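Before any questions on binding or motion, here is one chain by itself as C-alpha cells, the form predicted on its own.
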C-alpha cells in the first residue's frame, strides 16, 4: 500500500523537526465545547498532530466534533480507534492498528476485517501501525477492553521482536503504549531496541507528564510523542509549549 498524503506530511515534519508532538483527545471525556477548546489550545501552542479516540467511544456526535475541529485547526486530525465501530468520516487518516503484543484474535484480525471495508468505503487514508501495550504498573483500559496481557516493562527485547515481525509484515509505524493514565511511561529501553532493529516510525505515549520525560524518549528514538490524559486536568499553554520545545529537537 502506497504512503498517503497525511503520512507523507508527518514523515516530512519528522525529518524537519526531529520528532513530533501529538495530543490525544478523548471524545468520551469531553463535551463538544471542551473537545474543541482542547484541540484549539494544543494547535495554538506547539502540537503537530491531533489524535482522536480511545479504548471505548460511545459518542455518536464524533463526525460533527471532528468537523468542528477541522474548521478551527490546520493540524492533521487522525483517528486512533479502539475498534471497527469507531471508523467514521471526517478524519485526515486512521492509525490502522493491529495489537501485535496480544494474542486475542479479535484485535489481531477480526476488528481489522470489519473496519477495513469501512475505511475503503470512506476513502480514508490508512497508516499501517503495529500497536504494543507495555506494562505501566497498573491495569489500564486498553488491557481490560482488549483482554490481552501487556509486554513486561523489564523485557524490552520482547517488544523489539514484535516490532521486527510487524515491519516484515509491511507495517510502517509502531505505537509503544503504556496506556491512558499510566503510572509510568514506556521504558526507554523498549524504544531504543526497536529503533536499532527496525526502520519503523516509533510513536509512544502513556504516562508522559513532564517535558523531560518526552525528551528522553525522543533521544532514545521515538519520533512521535503522545500526551492525552494530562490535558484533561491541566489547561496550561506554557506547559504545552515546553513539551513542544522538548520534542522538536531540530527546532
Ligand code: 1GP
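None of the values given here were measured: they were computed from a predicted structure. Numbering follows the first chain given and starts at 1.
Omitted here: the form predicted together with the named molecule. The next part is about that form.
Chemist: Would you mind picking the one in 128, 181, 90, 82 that has a heavy atom within 4.5 Å of the named molecule in the model of the complex?
Modeler: Answer to the contact question: 181.
Chemist: Taking 4.5 Å between heavy atoms as the contact cutoff, choose which of 226, 200, 47, 218 touches the named molecule in the model of the complex.
Modeler: After the contact test, the surviving option is 226.
Chemist: With the partner left out of view, is residue 240 within 4.5 angstroms of the named molecule in the model of the complex by any non-hydrogen atom?
Modeler: Close contact is absent here: in the model of the complex, residue 240 is far from the named molecule, nothing within 4.5 Å, heavy atoms only.
Chemist: Taking heavy atoms only, is residue 24 within 4.5 angstroms of the named molecule in the model of the complex?
Modeler: Heavy-atom contact with the named molecule at 4.5 Å: present for residue 24.
Chemist: For residue 205, is any heavy atom within 4.5 Å of the named molecule in the model of the complex, or not?
Modeler: Although the named molecule is absent here, residue 205 would touch it in the model of the complex, with heavy atoms inside 4.5 Å.
Chemist: Please name which of the stretches 110-118, 171-179, 153-161, 67-75 has residues with heavy atoms lying within 4.5 Å of the named molecule in the model of the complex.
Modeler: In the other structure, the partner sits against 171-179.
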